[in-house]
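Taking the form predicted alone, here's one chain by itself in structure tokens.
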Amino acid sequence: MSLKAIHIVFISAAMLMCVVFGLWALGEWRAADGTANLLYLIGSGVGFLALAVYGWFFLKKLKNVSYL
């Protein structure tokens, strides 16, 4: 497995973790209405978007490199 493929796997896993954490924070915020949980939700959304942009630029930069 190439470094490009491993990088894509880790970016995807980090994005998935941001989604799961954001859903958890949303549930906790609805249940307890805490300010910290709202900040966690916003932070995970920002992290997801940042990882998505980074992944897009990464794929754009290395489009000619093989996945193997």
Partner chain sequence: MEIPYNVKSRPDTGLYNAKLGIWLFLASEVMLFGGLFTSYVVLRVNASAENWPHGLLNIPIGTFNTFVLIASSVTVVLGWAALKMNNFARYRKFQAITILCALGFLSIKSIEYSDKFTHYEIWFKDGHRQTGHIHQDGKKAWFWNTKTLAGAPAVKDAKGNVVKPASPPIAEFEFSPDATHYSDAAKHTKGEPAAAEHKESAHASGEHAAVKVKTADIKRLSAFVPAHSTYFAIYFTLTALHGLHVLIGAVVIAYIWGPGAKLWKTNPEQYVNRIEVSGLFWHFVDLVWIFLFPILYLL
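Residue numbers count along the first chain shown, from 1. It should be emphasised that the depicted structure is a prediction, and the values quoted were computed from it without experimental measurement.
Form predicted in complex with the partner chain: not shown, discussed below.
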* Does every residue of 13, 17 and 62 put a non-hydrogen atom within 4.5 angstroms of the partner chain in the predicted bound form? -> yes
* Asked: Applying a 4.5 Å heavy atom distance criterion, does residue 58 contact the partner chain in the predicted bound form?
  -> yes
* Asked: Wondering, does residue 29 line up within 4.5 Å of the partner chain in the predicted bound form on heavy atoms?
  -> no
* To do: Evaluate residue 21 for contact with the partner chain in the predicted bound form, applying a 4.5 angstroms cut-off between non-hydrogen atoms, and reply yes or no.
  => yes
* Heavy atom contacts to the partner chain in the predicted bound form at 4.5 Å, residues of 39-58 in sequence order -> 40, 51, 54, 58
